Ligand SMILES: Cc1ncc(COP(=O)(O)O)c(C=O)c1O
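Coming up is one lone chain in structure tokens, specifically the form predicted alone.
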């Protein structure tokens, strides 16, 4: 049996199916019940009661003081950056290894990304690279951090927790405090992941979630902004509702705003999903440990798992191959057999629209890109 066929057999044995997509949602009668209830109410837009219910359930589960549901994780990023003062005169430090929405959101605010390397164990920003670049590039003007080479203010550090694993968030926040830079946590992949007993998305000044159809829980499309800062929450609340001021009958808009609020139909789907979050997390953990066990005998394949003090949601199971040339051979072979896996995202600094921006020496992220494969990881498997 060839190595490629061994890998396919191991995946089939693990997922207990001959074919699979990367991540499919887990639905039962609860979703139909909640959606029908919203439809019967006839209030299916951004004024529906289910939005507030979903926000409260998220806050309760994550222990987030304020939660604001929006129509996508990208919208959540756009607004989170904006309320922290990111604008055309800003630099945002962020990883090159991330989904393109994170970099796009920086540019929506007309700011410049500064791309950093990744940690080889958790796929998040390398805190050592962050510290080195800040020590080299920061100067303070009137008590505020500026980037010497870009000659712009440093308005945020965007920490992306990738694939369900936690970046070194406590160390990153410690560095950020030293340099007086706000932290945004992109926890789009990480609903339910804990580090040191606290949920990701609740460490930084602002956190964001995604409830896209491929996430741990889904509202079809949608996202959320998390914060403990009432001023930031109120500012974001206004911006996502087209900057409409409250009035009994009059439409008053006093600045440019965005039609970003989640609608009631999406929220009703999210309510059904979050009600069974513990079951979903249990299923995903079981699947992960099946992968660990079944790949154990393949010495040149490593299953990526949680670091110490981290309790992952195991959103996507990852394997790393030692031989770089093997990655695409595996992906092509599995695709032919209708097991749909993929590599990690293309590095941002390699994309045509982001090649011109500042970056550090990105070596570890390159290795991760060249050697990592994302495996089928849906909670129904």
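Note that the coordinates shown come from a computational prediction; the quantities given were computed from them, not determined experimentally. Residue numbers count along the first chain shown, from 1.
There is another form of this protein, the form predicted in complex with this ligand, and it is not shown here; the text below is about that form.
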Exercise. With the partner left out of view, is residue 210 within 4.5 angstroms of this ligand in the predicted complex by any non-hydrogen atom?
Worked result: yes
Problem set entry | Exercise: residue 345 in contact with this ligand in the predicted complex, heavy atom 4.5 Å | yes
Problem set entry | Contact test in the predicted complex: residue 98 vs this ligand, heavy atoms, 4.5 Å | yes
Exercise. Would residue 188 count as touching this ligand in the predicted complex under a 4.5 Å heavy atom rule?
Worked result: yes
Exercise. If you check 73, 164, 124, 113 against this ligand in the predicted complex, which one has a heavy atom within 4.5 Å?
Worked result: 73
For this session: Scan 77, 94, 267, 91 and let me know which has any heavy atom within 4.5 Å of this ligand in the predicted complex.
Result: 77
Exercise. So, 160, 215 and 222: all three within 4.5 Å of this ligand in the predicted complex by heavy atoms, or not?
Worked result: yes
Exercise. Of 255-263, 197-205, 99-107, 228-236, which is the one stretch near this ligand in the predicted complex, taking non-hydrogen atoms within 4.5 angstroms as near?
Worked result: 99-107
